[in-house]
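As a starting point, one isolated chain is supplied in structure tokens, in the form predicted alone.
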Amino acid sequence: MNERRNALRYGAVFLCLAALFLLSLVWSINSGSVRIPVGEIWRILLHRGAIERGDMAADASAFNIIWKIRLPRLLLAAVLGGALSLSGFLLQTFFRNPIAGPFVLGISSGAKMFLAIVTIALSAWMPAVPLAVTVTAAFLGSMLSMLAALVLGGRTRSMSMLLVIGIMVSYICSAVTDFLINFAREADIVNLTNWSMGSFSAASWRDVKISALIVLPTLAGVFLLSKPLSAYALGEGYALSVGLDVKRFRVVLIVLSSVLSACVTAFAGPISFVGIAVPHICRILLKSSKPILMIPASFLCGAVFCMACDLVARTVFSPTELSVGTVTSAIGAPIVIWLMASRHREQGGGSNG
């Protein structure tokens, strides 16, 4: 009976997330300075080829707004939001701590630092840094900042202490970035400042395709690791007893989470609190921490979360557009505070008992 009830819950959660994804898609496309009727949106989405060939009539401005501006922005927010949430879930599994995430642990800050170094160093020779260089720099920064946290915390067996060291590495990377910006050109300072606040506004179909080519295979790889993740989540002793190479598996977790967070930082800048808040929301909805459920749920919920935050960022104070990082912080930070307070009450209750 319990299994049937759980199956119904899981199905209902995924159906709701899918419905929210479609609702966010249509609502976001229809929102902005130019209002487009829902019927026209579906007609343009479903008959793009016929409209481009001239076989079907459509408003040219509406067609361009949907296909060249709003849709690539929405899809990039969905892909990167899912990637950021999944990265947070992997790090929370690694540290066995629900407040672990790429922003807190310095992965995003390391990527930001390396991108600042590359941008400032190459700005004297080229007007724009190639995308491949940007993605590579973000990945290297993510890996090195996480490696620094692991090396500095190598002598401690406490995951909480390792988490604190990761936070300190994050502050160091941010301080180095701020120091470097003092020596950058004015134009580079403006670009780095705007980028560091997080935004999907410069999205293009090229960005969507490249980010999808990085994120979706990584998502598939993480999903194939559902069984080892379940074993690891039960403790290193249990994982070793079922034949899992824990040291190698931990390296795999770090690499996968760094790839995902680096991709987000390279294309949209550092976006905070999504990787912490969304996996926790999924655990509450599913009432389960099983990786085989959490992996797709975290990705889909992260996509919906970032699409909704991007909608808020560009419409609430229109025509002024907020950075998406501001909105995710405003929503995610209270969730993290509530989570930490809940854990403190549980620990207090346990110690009193």
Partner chain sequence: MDRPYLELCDLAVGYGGRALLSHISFSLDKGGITTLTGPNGAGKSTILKTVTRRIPAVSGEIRLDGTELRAIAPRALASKMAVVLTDRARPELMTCFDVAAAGRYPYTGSFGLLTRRDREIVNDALAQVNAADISLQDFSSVSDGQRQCVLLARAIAQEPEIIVLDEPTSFLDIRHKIELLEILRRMAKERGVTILMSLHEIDLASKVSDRIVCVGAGGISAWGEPREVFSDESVRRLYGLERGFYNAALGSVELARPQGVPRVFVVGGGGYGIPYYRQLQKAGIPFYAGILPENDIDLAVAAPLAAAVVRCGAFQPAAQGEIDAARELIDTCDTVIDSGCPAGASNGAGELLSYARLRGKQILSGPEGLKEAVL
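Note that the structure is predicted; figures quoted are calculated from it, not measured. Numbering follows the first chain given and starts at 1.
Only in words, not in the display: the form predicted together with its partner chain, which the text now covers.
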{"query": "Option from 255-263, 224-232, 139-147, 209-217 whose residues, in the model of the complex, bring a heavy atom within 4.5 Å of its partner chain", "finding": "224-232"}
{"query": "is_contact(L244, its partner chain) in the model of the complex, heavy atom dist at most 4.5 Å", "finding": "yes"}
{"query": "Close approach of I292 to its partner chain in the model of the complex, 4.5 Å, heavy atom", "finding": "yes"}
{"query": "Contact flag, L240 vs its partner chain in the model of the complex, heavy atom cut 4.5 Å", "finding": "yes"}
{"query": "Interface membership of R35, its partner chain in the model of the complex, 4.5 Å heavy atom rule", "finding": "no"}
{"query": "Every residue of N2, R283 and K287 near its partner chain in the model of the complex, heavy atom within 4.5 Å", "finding": "yes"}
